[in-house]
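Only one chain comes next, encoded as structure tokens, the form predicted on its own.
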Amino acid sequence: MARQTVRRAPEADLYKQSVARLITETSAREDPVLTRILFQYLGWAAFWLVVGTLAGGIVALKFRFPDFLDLPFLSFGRLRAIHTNTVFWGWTSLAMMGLALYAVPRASKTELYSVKLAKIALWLWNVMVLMGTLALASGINNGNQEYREYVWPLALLFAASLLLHVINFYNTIARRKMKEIYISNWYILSAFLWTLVLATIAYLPWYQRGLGQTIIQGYYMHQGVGMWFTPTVVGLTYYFLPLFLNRPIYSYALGVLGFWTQLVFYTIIGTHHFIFSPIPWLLQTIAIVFSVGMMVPVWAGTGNFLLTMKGIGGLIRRSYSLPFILVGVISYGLASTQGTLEAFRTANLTWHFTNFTVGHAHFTMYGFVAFLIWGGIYGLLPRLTGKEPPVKAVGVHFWMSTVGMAIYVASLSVGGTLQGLLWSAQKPFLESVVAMAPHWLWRAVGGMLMILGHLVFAYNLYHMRPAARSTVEARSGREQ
């Protein structure tokens, strides 16, 4: 929780009393209407997190037990697309948008332009995810295009919801009560604008034939991470971390450097997923060079956050949010560096098309993005609602997710490397399948721990829910 990080006295009772007083004082100044809509975003995000990771858990078990739940709508091909799209668009995106509804106006020292637009955008997004999940389970999809399996009518809902948020955030920032635009709002507003462009390019059909589709696919799937998830969650961290620590960000200049170099380098690196393909050699080389350039924004952001957190080792043990943020920041630096190493041709010879890439994808989207989101939620909601989650349950969530992720990533990294070496040695393909069997089992173990952690998170979120409207109105009447 945010105010836990300023603990001074060792007496637990005095500390709890001061925290309760600070929560009460803070929540009394917050807008209960905004708090409720923010919680609706987070509540739906938690719901889709559970749905999406349950699908992922079944997928993991099918690697080791192929005949498990042998039904058409639970087949590997359908469930895998359900898993990725639901956690991308249902969980991660909704959670980021919900947190942004608080961060953008607060960083602008003004009120949100329109709560109504935020509500409409929420329901458009939920309809998209629900209809997309049902369509994928029924075998209706956009073909072999990873992370854009939703058919084009659902992509229109995607774009409409993004556009409503752009209108909302742009007008909020335009009405700011300060001269400068704080760096977090640079990242967040730009992420929505960039993603609108990305979705348009991804679904326009007339240049996506043959290798054109492959190039656009590389562009889309990497831009989805680099121009949607990364800038949004980094922007949120630039707001929440100084707020929770009650200290300024270490370097504003590093934040600006990270922003512009993210825009320059990330836009063209998607082709590094197709090294040694028929795509022009020059385009592959440019993608590799720009992947190296990505170390500038990655370590500008990672270093900035770690230096901001310098000297708070003792506080981390007493905070709900800081352990999650610390893991997220470290994962940002390490997973992104791993991605740059994977881009080199020599590394591609071993790791390309293996399970190593799956482990890397979870290291970034889970270790980096999801952990920073959880840090923001645990730090913010008690401020807004006056309700704390069970301390032990937060610890259970943290350790289940952290250990589960470590097992998942380590097993697929080791197994994927072995898989690639066997292919390079021209061993029979079946031999690589047999070699992967124990690693797939460990993947399932790690995944199950993560799923259990998500159930605990949903339980914790329920404990941080805002008071009912009638309770808020009654309390307001007594205060008047």
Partner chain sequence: MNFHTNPRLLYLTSLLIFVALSLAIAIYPAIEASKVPPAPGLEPLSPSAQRGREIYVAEGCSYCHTQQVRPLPQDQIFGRPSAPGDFAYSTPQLLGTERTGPDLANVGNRQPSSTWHLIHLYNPRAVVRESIMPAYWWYFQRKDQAGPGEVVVPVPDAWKPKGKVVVATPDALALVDYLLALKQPAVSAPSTGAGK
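Residue numbers count along the first chain shown, from 1. Everything numeric in this text was worked out from a predicted model, so none of it was measured.
The same protein has a further form, the form predicted together with its partner chain, not shown here; the description that follows concerns it.
Taking the partner from elsewhere, V434 is found to have a heavy atom lying within 4.5 Å of its partner chain in the predicted bound form. In the predicted bound form, at least one heavy atom of G143 sits within 4.5 Å of a heavy atom of its partner chain. With a 4.5 Å cutoff on heavy atoms, E388 does not count as touching its partner chain in the predicted bound form; it lies far away. Interface membership of R80, defined by any non-hydrogen atom within 4.5 Å of its partner chain in the predicted bound form, is confirmed.
Out of the listed residues F259, W299, Y250, F88, F259 is the one that sits within 4.5 Å of its partner chain in the predicted bound form by at least one heavy atom. Contact with its partner chain in the predicted bound form, defined as a heavy atom within 4.5 Å, holds for exactly one of N348, T402, N126, T308, namely N348.
Residue heavy atoms within 4.5 Å of its partner chain in the predicted bound form occur in exactly one stretch of 240-248, 89-97, 201-209, 402-410, and that stretch is 201-209. In sequence order, L283, I286 are the residues of 280-295 having a heavy atom within 4.5 Å of its partner chain in the predicted bound form; the partner itself is omitted from this view.
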